[in-house]
Every structure is written in C-alpha cells, then in structure tokens.
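In structure tokens, one chain follows: the form predicted alone.
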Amino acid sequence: MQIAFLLYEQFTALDIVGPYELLRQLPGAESIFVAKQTGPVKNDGGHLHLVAEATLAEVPSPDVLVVGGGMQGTLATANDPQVLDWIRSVHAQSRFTTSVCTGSLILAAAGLLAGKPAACHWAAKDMLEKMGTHYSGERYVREGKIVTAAGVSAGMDMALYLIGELAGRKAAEMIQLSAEYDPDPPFDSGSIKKAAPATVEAVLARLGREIAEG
C-alpha cells in the first residue's frame, strides 16, 4: 500500500507530519512525500523543510493521498493546473483521497467536493462554501472515499480513522497507543464552538484575513 503526502511551498507542517507519523506504521505501507519537484519543500513557518522524494509523475496511483493545508501556499496550489490534474488522476484510482485543514480547498478546486459535505479549518469555511462545498464543523468527514479533516490537529484523528478502515480497529488502537495519542489539553479553547469571541478575533488577526475572506 502506497500513501502519498503532497508537499507544496508554505504547507503547514503538522497537517502532514501528524498523519504521517501514524499512517507510516500501517503494516506493509510505503509512505512517500511527493511534490512538483524533488528536494526540500519549505513550510509556512519558513524554518522547516520536508524532502519530496518523488515528483507527481513518479507517483501516479497511490492507494491513499493526503493533502495538507496552509494559507498563501494553499491558495496558490489550488490554482495550479498541474497539481489539480494530478489529484484528479490519483483520485480516480485511490482507495482514499484525504485532506487536512485548508487542504480541502485544494480538493474542492480539483472538483472533488462539489455539493458534498467537507471539513476544513473554521476560518476557511466561507471560502470552502463559495467553492460549492458544504462546510461541516466535525473533526473529520467521510463522503465516499474522500475523507476531509478540520484544522491541523484533526489530521491525527483522521489518520486513526483511516487506519481502522484499512487495517482494522486492533491495528488502529495499537498505533494510537504507540503514539500515546490521548489528548488532554490544559485549556478548552480548541474549537470555535468553545472559544471566547475575543479569542476567535485574535486568531483571525494572527492568521490574516486571506483565508477567511477569500
């Protein structure tokens, strides 16, 4: 089983690294980082690089595709015909096509989410809906063989769900325990449903309005 993680300039690191750390433990799985060109790809923080081992053309039919999010880099990728054509081609043969955070904007741009429910970072929900997709506030949403996750950390929840679907509950529980993934945050402000209005505004100011306003 081949699991492809799409990299592009200014991706959000945890969107990719979180699911990777869990999915790479699937028995018999090959995880591969793929981009338009091989070599280091810089994240949106500007200080971390992941290395693309293969080009898009070299990975034509992975079993699972994971598309992470970001901000400006995501918007640029959502307008890149080469990447969108590759995603459509991969999706035609994949077992699962997935996204984390604003990565669902890229899937929507590829025409995969039209009229369907999907998750994304809450700040991008209006943009997602402008693209003809129904925003869901859930941690992850499955629609056929497409699974979309909400912001950043939700990618790990999605990855465990995929492991359960691909290898069964026992394997998923073992991998969850191996990672000691048992969230118990000291603050209860991890959802827009729970956060104070002032916190929401502060986060929007920090992220910038590019994603929220399209």
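The first residue of the shown sequence is 1; numbering continues from there. In this text, all values refer to a predicted model and were calculated from it rather than measured experimentally.
From this point on, the text means the form predicted together with another copy of the chain, which you will not see here.
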| Are any of the heavy atoms in Pro185 no more than 4.5 Å from a heavy atom of another copy of the chain in the predicted bound form? | yes
| query | So, in the predicted bound form, is Arg139 in contact with another copy of the chain at a 4.5 angstroms heavy atom limit? | reply | yes
| Any chance Glu58 has a heavy atom within 4.5 Å of another copy of the chain in the predicted bound form? | no
| message | Gly45 versus another copy of the chain, in the predicted bound form: is there a non-hydrogen atom within 4.5 Å? | response | yes
| For the spot marked by Gly18, His49 and Val200, is every residue within 4.5 Å of another copy of the chain in the predicted bound form through some heavy atom? | yes
| Ok, Ile146, Val152, Leu166, Val34: which has a heavy atom sitting within 4.5 Å of another copy of the chain in the predicted bound form? | Val152
| note | Counting only non-hydrogen atoms, the one stretch of 87-95, 120-128, 105-113, 73-81 within 4.5 angstroms of another copy of the chain in the predicted bound form is 120-128
| query | If we check another copy of the chain in the predicted bound form, which of the residues in 1-16 reach within 4.5 angstroms of it by a non-hydrogen atom? | reply | Thr12, Ala13, Leu14
